[in-house]
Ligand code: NOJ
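Single chain ahead, by itself, as C-alpha cells, in the form predicted alone.
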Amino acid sequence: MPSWLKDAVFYEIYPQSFKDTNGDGIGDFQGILEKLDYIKDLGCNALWINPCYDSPFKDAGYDVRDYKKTAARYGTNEELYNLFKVAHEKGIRVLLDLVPGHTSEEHEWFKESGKAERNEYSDRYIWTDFWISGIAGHPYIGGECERNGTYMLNFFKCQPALNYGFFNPTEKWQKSYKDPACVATQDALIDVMRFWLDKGCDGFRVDMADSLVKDDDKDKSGTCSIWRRIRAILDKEYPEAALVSEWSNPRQAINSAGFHMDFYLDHWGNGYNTLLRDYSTPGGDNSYFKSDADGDIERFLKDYLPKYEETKDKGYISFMTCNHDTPRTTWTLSERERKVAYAMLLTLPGVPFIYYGDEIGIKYIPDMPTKEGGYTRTGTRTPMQWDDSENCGFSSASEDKLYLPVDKTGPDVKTELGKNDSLINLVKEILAIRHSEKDLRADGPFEVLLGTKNEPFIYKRGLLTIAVNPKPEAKTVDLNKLSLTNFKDVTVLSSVGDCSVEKGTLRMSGQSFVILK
C-alpha cells in the first residue's frame, strides 16, 4: 500500500476546462502548472487529471488514439513530464486517467486489427469470424473494415473493446481470458503504465475497471485476476504507485482485484446516492443533505458500513464531492447544505476527491448542448471561474472559441476567498484539520455513535467526535448516553452553524456540523 495515501486528498481536474494559458479557449498543462499553489493552499496534495492523451475527442479523451502521446491541445509530453516534476517539488502527487477497456477506432492497434491479413494486432480487439455474425448481449459494429467479421464495442460507437477474453468462451472466435493473445493485451496495458510511471506519474485512476473480461462471472473473477497480476507487478517495480478504480464495488475492487482505492460512485439507490443525489421524487430531491427532504442517514449506513468493515484493512473507499460524469450538487443543494455535506465527506475514512470548482460552488447547467460526448454530463464540465475578469479568468480567447461557455453569473475563486464564511474557506479549514489530526486520515479509526433517522449523525474518529445535523430544526444530544463523558475541556475545532457542548449536552442549530476534541 503506498504510504502517502494515508494523508492524501485529491483534486480532480478536467483539463480542457481548468485554465487556458495560450488563448485557444481550451485548458492546458501550463494552466494546471500555474494553479498548483492554489491547489496546495486549498489543502489538496494529489491530482487526478482526466484523459490527456492524443484523441479525436469523440468522448472527451476517453477514446484514446495514442496512449503514449499527449493531446496537442494540452501541450507536449515534455510539458506533462515537467508538470509531474514541479508538482512533486510542491508535495503534490499526480494520477493519470487510464482507459484499459477500449481505445479509439483511430488507434493504430485497431487499424491493424481490422486488416484482412492476420498480424500481431489481429487479436488485440474482440472480433467475430463472419461479417454478419453478431455478438449476443453486446453492442457491435460491422461493415467498416476489410476484415470479415464484426467487432465489439465497450461503450460508444467510437470505442472498440480491447480483447481480454471471455470467462467461459462459447463460440470459436471467443478466446479465454487466459489465452496468450489476451495476456498480450494485458502486457500492452502494463507497458503503457510503465511508460508513464517512468516519466513521473504516481499512478492511475482506472476507467471502467470492471469491464475487461467479457461475460465474466458474478464475482468478476477473470477481471480481478488480471488486476491482481498488474498489482503484483506494480508492488514490485513501483511500490508507491497508486490505483483507484471506477468500480463502486469495494469488495471486488479492493479485496479481490487489489486496487488501493475504489470510488463510491453515484449509482442509483446506493448509500452515496442517498446522501447527495436522491432524485427519486419527480422534480425533487430526497437526499440526506437536503434540509427540507425526508432523507435518512440509516439508508447510507446500511449500504456503507458493511463495505467499510469488509475492506478497511486492505484499501480505501473514496468519497467524492462530484466528478465529470455526475451532476454538481449545486443543482439541488444550497450553499449551507453543501457546507454540511462536504464537511462530512471530508472527515469520513478513506481518501476523498474534490472535483474542480466544487469548492466555490460552480453551478450545474442542465440542458447544455452536448460537447465531446458529454450529453447530460456537459453541464458539469464548464470552465473554472477564477476571478471577475474576462471569461472569469479561464481564458483570454473570444467567447466563441471557448471549450464551453463560462458561467459569468456564478461564483469565482477570488471573490469567494475574500468571504470569511464561504464554502472554499470552510473546505480549507476542514482539510487543514484533516492533515493535522492523525485520526482523520484515511486509515484512522471510525465508529458510529448515533445513526438513526431524525437525529444528528454522530461518529468518532479516534479522539475526535463529529456531529452532523442537516435538518432545519435545532437538535440536542446527551453525549453521556453515547458513552462520551470526558467533555470538560472540549474544543470545537470547526463548525458550520451554532454548536456548543455544556455539561455533556451537545446543542446544534439547524443545518450544522461540528468537530469536537
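These numbers were taken from a predicted model, which means no experiment stands behind them. A residue's number is simply how far along the shown sequence it sits, counting from 1.
One more form of this protein should be noted, the form predicted together with the named molecule, which is absent from this view; the next part is about it.
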> Since exactly one of A293, M208, L417, A184 fits, which has a heavy atom within 4.5 Å of the named molecule in the predicted bound form?
Replying inline: M208
> Using a 4.5 Å cut on heavy atoms, which of W386, F155, Y403, F84 is close to the named molecule in the predicted bound form?
Replying inline: F155
> Mind checking whether each of K6, S318 and D439 has a heavy atom within 4.5 Å of the named molecule in the predicted bound form?
Replying inline: no
>> So if I measure heavy atom distances to the named molecule in the predicted bound form, which of the stretches 461-469, 55-63, 31-39, 446-454 falls within 4.5 Å?
In response: 55-63
> Heavy atoms within 4.5 Å of the named molecule in the predicted bound form: does H107 have any?
Replying inline: no
> Should Q159 be classed as touching the named molecule in the predicted bound form when contacts are defined as heavy atoms within 4.5 Å?
Replying inline: yes
> Though only this chain appears here, would D303 touch the named molecule in the predicted bound form if you measure heavy atom gaps against 4.5 Å?
Replying inline: no
> Can R381 be called a contact residue for the named molecule in the predicted bound form at 4.5 Å between heavy atoms?
Replying inline: yes
> Looking at the named molecule in the predicted bound form, which residues in 307-337 have at least one heavy atom within 4.5 Å of it?
Replying inline: H324, D325
